[in-house]
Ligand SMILES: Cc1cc2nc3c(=O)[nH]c(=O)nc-3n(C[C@H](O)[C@H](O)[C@H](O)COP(=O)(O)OP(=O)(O)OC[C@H]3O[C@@H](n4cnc5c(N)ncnc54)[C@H](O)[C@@H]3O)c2cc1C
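First comes one chain, alone, set out as structure tokens in the form predicted alone.
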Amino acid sequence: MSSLSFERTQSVAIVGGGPGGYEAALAAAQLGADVTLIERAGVGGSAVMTDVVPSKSLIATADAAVAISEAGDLGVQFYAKGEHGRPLKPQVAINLAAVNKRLLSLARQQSDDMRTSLVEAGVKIISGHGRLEGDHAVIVSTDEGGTDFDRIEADTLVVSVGASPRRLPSAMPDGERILTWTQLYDMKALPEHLIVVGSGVTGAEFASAYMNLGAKVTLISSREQILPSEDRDAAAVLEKVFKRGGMSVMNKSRAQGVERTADGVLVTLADGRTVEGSHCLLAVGSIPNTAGIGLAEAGVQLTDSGHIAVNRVARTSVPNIYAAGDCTDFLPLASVASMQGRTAVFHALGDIVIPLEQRRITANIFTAPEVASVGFSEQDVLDGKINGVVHKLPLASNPRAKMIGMKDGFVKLIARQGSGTVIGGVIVAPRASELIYPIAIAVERRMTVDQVSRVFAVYPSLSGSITDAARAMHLVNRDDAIL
């Protein structure tokens, strides 16, 4: 394993062991630095313990339930013999206690695997709560009472403390009926009627999952559409799927308060209407875990929302202090946190650095179907931010989609007018998170639609729709082209 040569061994202290802190620690160890990681909950942070890993595992279970329930459309029928040998059609049952036990077990396994990787790389791990003391030291409280402390000095500090669910004074979670997304995994049975407040990524994902697990779901959105920051066509497809599945979607409905009743919850809307249910999930955003850890005292610039201001190499306003992940003012994605962590260490230790560019970051929403996107959006074209051409190809015409019984979804490509360079894309489909990768490569490598169209796609395959869409844009490099 190669490492950079330093006049002396560089030291790096990392506060927070989520995706950003974990990758920063591995990269720093690879470059030969003396690395200390401080983490209070477990390696992997909330992303592994209470967020990404368990939530996406829950969604995988919901996908399996849908696959079973829709198998009849493909001619697969499930029967059990009843009295006198008559066939009975069994129901799909969800053992939520067993599901949640598995999710949390997977999270612990992933955390343990990540911890092992760090130890094998030579990273020193301290369990405790870290607080900056100036710009070259971290004070670590290693006990619950805050009486035992370690002091870690380092040349470079990396802050990766993540974020926590936002709590509202008018809707305080109790962990039983009124829940944040970190508290869902304590439920022993499927909620009879789950009210989801908030229709952003988190709200849409959990609403989709619990609907497909068999719960009655009401989704309350304060905006005109669900997923207000996403592609409008994608949001429209999801909303159609949600309603077809029996979900009640309440757009332009702002929740004013949530209170617990004798046997459930009551959500009061701003216009006076009320919605009753058995449980309520609050998905109203998150707040960075940056309070009380010495950032301002160290001179680190924070935004009005409490996020750490960073540049494209994850550097803060203090030259030797870097930050990664949801605690920063960059995109709140686990993949971004990981890249920020690596970039920060590469920059601090003098390795080759490629500054992060938001337009090249791929994102995915794990609903059913999934929504994946990269680069410029159609709205950017409509708003005149980029001179582009958009082509949308419904997946209903794709032969593989027909074979697997896929009813909803599309591929959307966005190319620059005049050159045909691919500058963005959206995919709505099962496993869109996997299908978006070719478009992400095209955006990263500045490929044209003609270059993409010349790549051989397997027939039949869903990815074939990407080349089909690219072929349809053959004339995009002509100013007089009409698509």
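All figures in this text were calculated on a predicted structure; none of them were measured in a lab. Position 1 is the first residue in the sequence shown; the rest follow in order.
Absent from the display: the form predicted together with the named molecule. The rest refers to it.
Q: Among 298, 168, 356, 333, which has any heavy atom within 4.5 Å of the named molecule in the model of the complex?
A: Contact with the named molecule in the model of the complex is made by 333 alone.
Q: If the cut-off is 4.5 angstroms on heavy atoms, which of these, 409, 130, 277, 198, is the one near the named molecule in the model of the complex?
A: Result of the distance check: 130.
Q: Taking heavy atoms and a 4.5 Å cut-off, does residue 162 contact the named molecule in the model of the complex?
A: Yes.
Q: With the partner left out of view, is residue 324 within 4.5 angstroms of the named molecule in the model of the complex by any non-hydrogen atom?
A: Yes, residue 324 lies within 4.5 Å of the named molecule in the model of the complex.
Q: Answer with yes or no whether residue 41 is in contact with the named molecule in the model of the complex, where contact means some heavy atom within 4.5 Å.
A: Although the named molecule is absent here, residue 41 would touch it in the model of the complex, with heavy atoms inside 4.5 Å.
Q: Heavy atoms within 4.5 Å of the named molecule in the model of the complex: does residue 436 have any?
A: The answer is no: residue 436 has no heavy atom within 4.5 Å of the named molecule.
Q: Where does the named molecule sit in the model of the complex: which of 427-435, 413-421, 46-54, 61-69, heavy atoms within 4.5 Å?
A: That would be 46-54.
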